[in-house]
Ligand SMILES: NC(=O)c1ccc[n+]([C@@H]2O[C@H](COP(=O)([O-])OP(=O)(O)OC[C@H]3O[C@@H](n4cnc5c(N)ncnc54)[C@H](OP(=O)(O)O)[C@@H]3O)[C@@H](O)[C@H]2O)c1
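Here's a solo chain for you in structure tokens, the form predicted alone.
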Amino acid sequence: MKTVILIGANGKMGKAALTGLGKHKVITAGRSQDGCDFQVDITSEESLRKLFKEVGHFDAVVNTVGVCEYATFEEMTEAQWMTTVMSKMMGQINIVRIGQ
């Protein structure tokens, strides 16, 4: 049995991921702590560091969250691009970088 942190456990994808992790010890995390073991914001290094420190040892992380702005390439504003980059790209990178 492995210890797995599931980020985004309350969302549709998180609930689907949870069904496949039944034989493992699953620690849940999300933007809201409602129904989760921990609260985390993947766009915040401080929040991720706090999560990993509080959890302690774990074997894997499954992430099902990330904000993505939707518009045509020409219509996307810099603010929309930055929201997407900070969540979908840097959020994922920081989970691995800080979590290791």
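Residue indices: 1-based, along the sequence shown. Model, not experiment: these values are computed from the prediction.
The next section is about a form of this same protein that is not shown, the form predicted together with the named molecule.
Undergrad: Answer yes if any heavy atom of Ala60 is within 4.5 Å of a heavy atom of the named molecule in the model of the complex; otherwise answer no.
TA: Judged by the heavy-atom cut-off of 4.5 Å, Ala60 is well away from the named molecule in the model of the complex.
Undergrad: Can you check whether Ser32 is within 4.5 Å of the named molecule in the model of the complex, heavy atom basis?
TA: So Ser32 counts as contacting the named molecule.
Undergrad: Does the 4.5 Å heavy atom contact test between Thr28 and the named molecule in the model of the complex come out positive?
TA: No.
Undergrad: Classify Asn10 as contacting or not contacting the named molecule in the model of the complex by the rule of any non-hydrogen atom within 4.5 angstroms, answering yes or no.
TA: Answer yes; at least one heavy atom of Asn10 falls within 4.5 Å of the named molecule in the model of the complex.
Undergrad: Only counting heavy atoms and a 4.5 Å limit, does any residue of 30 to 62 reach the named molecule in the model of the complex, and if so which ones?
TA: Read in sequence order, the residues that approach the named molecule (within 4.5 Å, in the model of the complex) are Gly30, Arg31, Ser32, Val40, Asp41, Ile42, Thr43.
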